[in-house]
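Let us start with two forms of the same protein chain, each given on its own as structure tokens and named structure 1 and structure 2.
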Structure 1
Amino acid sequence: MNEIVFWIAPIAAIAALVYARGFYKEMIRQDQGTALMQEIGGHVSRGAMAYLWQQYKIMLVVFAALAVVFAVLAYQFHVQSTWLPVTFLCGGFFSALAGYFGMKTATQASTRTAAAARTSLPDALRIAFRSGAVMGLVVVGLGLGNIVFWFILANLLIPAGDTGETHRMVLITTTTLTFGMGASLQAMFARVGGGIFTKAADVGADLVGKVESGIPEDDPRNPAVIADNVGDNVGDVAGMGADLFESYVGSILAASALGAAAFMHDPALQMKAVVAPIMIAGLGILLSILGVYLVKTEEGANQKQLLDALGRGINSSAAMIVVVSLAFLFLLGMPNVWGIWGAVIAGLVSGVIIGRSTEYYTSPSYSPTRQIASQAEGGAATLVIAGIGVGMLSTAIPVLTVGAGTLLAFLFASGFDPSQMNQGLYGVGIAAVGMLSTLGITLASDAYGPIADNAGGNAEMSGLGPDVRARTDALDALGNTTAATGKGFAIGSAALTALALLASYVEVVRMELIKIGTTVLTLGHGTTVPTDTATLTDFMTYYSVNLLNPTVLVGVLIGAMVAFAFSGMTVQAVGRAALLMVEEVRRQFREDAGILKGTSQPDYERCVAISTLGAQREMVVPALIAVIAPVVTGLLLGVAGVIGLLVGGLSSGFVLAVFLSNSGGAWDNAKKHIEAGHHGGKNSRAHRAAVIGDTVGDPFKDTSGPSLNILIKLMSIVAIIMAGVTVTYSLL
């Protein structure tokens, strides 16, 4: 590799894994608390691992079957990259591995966080946050490390052939994109399965425990309480980790592929454009590690001070990447350095604005959530109506922000010349990398949430004093805000990544056309252009990709429908699994009166098994929709229909995901606001209404909403992977 700054990436990937191991060992050395605390933590840890292994068994069957299909397409029909069967399996494996390490850490950290909270809020925050950083650093370390590995391997093994060095680099970058397929599918299984598990347990615990029986949250008498704590880990740690692993990998790979396409006229510039996003990601890792050490607070800190402590680490990393990325872009010798740097800034600022917007609409510190809480005095119906309204209104700022960020990134990178389409789209890809560049610390703040939540649950079940519970509640309330902000950040990054992948799709179509012998594109009126030098506009003309083409319009409608159908299926899946949980908790209370009296122990394991079974049974079909939809659309409607599908899925899925996540987060924190003593406090009429609203929002914010951002990226990746099948066998 002749660009020396490229080697920042492998160094950073190794550093991420080294520091993750260090933070893990630091956590393991901490006090685990009393024997009862360790027993409760053991229940959660064993349940989480049992679920994860069961999920991996099902995924192994699905991945093996798909790998065989890809191998047949590659070696028998020659319409697929011969690398795909291997890269697909590797992508899924390392995504699963990142989730496994993160969840193993989280389940062990919650007990130690609760133990530290007995004496010190700063120590509890440090343990919880640095344990969350294990998840963040493992994700970026494994993600970037794999990208570097596959890029170097492809660079060594793929020959130039007859098409020259610039076409070889396009082939290398589009080949490495196949790694994202396995990561995306694994993320879908983790998000959907984990979301169904956690929300089935949460709804069952809330409805029968808090509403019907009037016992506190995390009360050890509730049979579903262990399953609820297990669900926090499998959904918000393993699920979120796999989600952002594939976003991170996808954004870097898409930007590199677009860079290879944008500078095909100059091999030297092309290599720089390919290396730039990989370099920026490496710099972001190093600065994220530094930011982790800036997160600290004082004893007795209030909610704002805790939020400021996390913000100090995240914002410092973001500010440093602004300065450092500019210096290294100059060192790399990129053309239009200021424009590319402007695209990085556009992505970073977009991420900050989306995070702030999510915080405003979901935090009890601001009026939207407080207004929802006030509506609880009228009952569950008025509260649910208010939450739906807030969720709908909350879509405006993220959509406008992503739109503005996309336009600015395009204009900056194209030198404000709209005719430079390839360079402009490369800027959009760079913006996605910029938004995710400090993922190591932003994901740490998200993974921190379920650790703090489980620590509070452990403190309650262990009967620790009110001062301990006050500390864990402060950490938990902060975790609710960071979790909601993290979901908004994940959705925003998904939109930019999907845009970059959509542009990459056209480049893969180019390669597939050349492969089947279409060396000239006929554009009409006797105009022809060579396929290998055709612009994106030429391809749009060749395939009649415009809004007057009914094929495109049908594809857009199908894409929008898929987003809603997918959401409906996942919400109903939670409802079915939750009903089983509700019936089980009621059965235990009915058949053993000693449970509510505290004289006998509930059957926690039965509730964990019900959530596990429900999640495994319900997760496969929604996940496969994202795989099937692009394939069937491509076969029936061709390239134009697939582009319409991706546009429709992106536009509707993005807005729907923001609505679902923010409305659910606002209902959750409205309940927390009431529990803090407002509108009658706990066990009041308003509180019972807020619990109903929270249970309605549970599948919104933790299952359907977060899963949608994977849906739009997975459909894009599948479309790219199956481009050869679409080009060769489509009916239109």
Structure 2
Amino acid sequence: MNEIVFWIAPIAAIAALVYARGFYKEMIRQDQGTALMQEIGGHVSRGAMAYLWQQYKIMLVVFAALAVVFAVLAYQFHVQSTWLPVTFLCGGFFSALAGYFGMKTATQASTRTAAAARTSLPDALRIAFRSGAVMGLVVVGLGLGNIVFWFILANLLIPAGDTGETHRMVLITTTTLTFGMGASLQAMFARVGGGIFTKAADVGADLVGKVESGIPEDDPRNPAVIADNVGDNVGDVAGMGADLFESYVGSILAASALGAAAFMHDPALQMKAVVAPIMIAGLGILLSILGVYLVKTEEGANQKQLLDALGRGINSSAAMIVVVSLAFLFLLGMPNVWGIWGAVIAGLVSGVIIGRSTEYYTSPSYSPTRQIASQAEGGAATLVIAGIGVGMLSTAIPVLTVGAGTLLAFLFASGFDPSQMNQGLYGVGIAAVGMLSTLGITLASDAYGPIADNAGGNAEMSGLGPDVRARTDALDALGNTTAATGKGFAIGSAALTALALLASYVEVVRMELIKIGTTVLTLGHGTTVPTDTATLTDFMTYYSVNLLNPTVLVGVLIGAMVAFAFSGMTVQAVGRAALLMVEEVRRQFREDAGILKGTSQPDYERCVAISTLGAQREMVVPALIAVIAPVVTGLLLGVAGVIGLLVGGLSSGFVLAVFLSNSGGAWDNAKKHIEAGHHGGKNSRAHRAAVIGDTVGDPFKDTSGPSLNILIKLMSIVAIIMAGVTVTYSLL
């Protein structure tokens, strides 16, 4: 194996952080515009930071409490990895740090983007996109950097013992998996809290401002307008970043753990299999940085040209990773290079197809969204029905894509020999890594969206001219498209990551069984196999993880139910928090008539505080459900029930998330389609119906849908770290 392969990941991680810093410095140097623009930007920036600190405070309490629980389980009851209390806190800390940097950048960047838009579209795009890239690169840099750090540390500290080198490597990889728990829990708070914040503000601002008082969107007279802009940052920047930080870290760690297990017969091969996903991730970072420089446009570019500009960056990175990863897999000396490479491509292509499918179902350029818009002529009811129908039908392509991608990755990596289950599942892990390899640049295009959106808001509130707003509108529309595809990508990667984590769970169970002295598995018909060489199939037989075992079936049913109940909770949370916001905005209008006349300033801070409070109050219960469900299921139904739960949650959660996100996205764009002059245009009967559909879709697409990504990953990670407790104490 070539020495250089080892160095790619650390170099790439450092490069990501260096370039992120560079892009940040470049952005900070730009003109901030007029005093009014800076004042508005300051409101948003302070509001976002205030929210973030508040969220971090609550998280600190939850994390501290859980760390104590983990410490007791680890040091008192010896049913927990002794690393967990530390890795857990680190995972949470670095995920939060990435969110902090990303959001700080985004809030600074939107004022400067608006300022640049006064004179130049290309400059505005460059500022907004490279600021988005700060988020993308910080996420992948901190993620991969941490993985490398923990691997090296585990390699140094975990002794060889008398179970041999291959066994030690399995222990190292399953130990580093514990880092995912903190990242996952922080992602849950960021997604759910951010999602509730942003939609409470959005719904509240719209219902009183647009519907009741008839003032336009982003009007500075609306007290909730700053909270709405803050929400874009805490939901779509910090929330999305934490979500993908977790997918990124989880997929790499899971793939490495599966690699260690798949090649236990040969220490040299095992090492390569563990390194491969980390290497691919490193290559992806370097190519993402390259891709960022390819995103540029010209003055007066239309929507298609702008989309092409982004596409150039993203697609070039993806195309290059296809070529480069093959070369480096050869350099690494992997066995079955073509199969592993096939798995990388299966993941990459799946991500592209899901993104395209999302675009088709939610863009006003295609028939599904246009049909929803035409149903607005029958009123709000038929529009809502149509949107739900489209959302449900839109689940077909993503599910079939992930299904085909998973099967192909499995078949490629197993050399088309289904009995090689370990190798095949390693391929599924590699596919997840492949899909996320160019996350540096795909996440940049996601984080770009809210920056452009806020730049538009700033331009509107600062009263900049129509030509400036035309530029920010163009950038904003581009952001809406990337937001939709970004959501599809986040869901798809969460599903693949959860699949990979599922297989890792069984590897962790193996370690736990060995720890408690179960050295032999009895498989029925008098067959026994040693625990440390048993195949994954043997574990399935040992625990009866088959689909006629009622324990498994009940687990699957509960998993499906948890996905729905969790969504119900988050949807209701938005409703409750939005109602508080509605009351506050009505109160301000009532008590100070000068606000609507524009003579006195509304109390923006109060609205930010209300959204913050609502989000904080509502985010804890859904988050805890994701933590508690696998623990309780494990204690009652054992390993078989837990696997059932994870599969039920994964399948229903994935499909439900696609449905919710696409329904919401399609309603949003059906409204925009009508506002563009179709079916009577603005303020028509159809438009009023479309506003209702858009509002219904808000919590669908920005709270419940994205939160489900985290639910399915967090339940898997909790199952993994609680494997010791399940194996030792389960009832059935």
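Heads up, when I say rigid core I mean the largest set of C-alphas that superpose within 1.5 Å between the two forms. Structure 1's sequence is the ruler for residue numbers, which start at 1. Remember, predicted model here, so these are calculated numbers, not experimental data.
- Assignment of forms: the chain in structure 1 is the form predicted on its own, the chain in structure 2 is not.
- Once the cores line up, the CA of Leu60 ends up less than 2 angstroms apart between the two structures.
- With the core held fixed between the two structures, Glu675 has its Cα displaced by at least 2 Å.
- Core-superposed comparison between the two structures: the Cα of Ala376 travels 2 Å or more.
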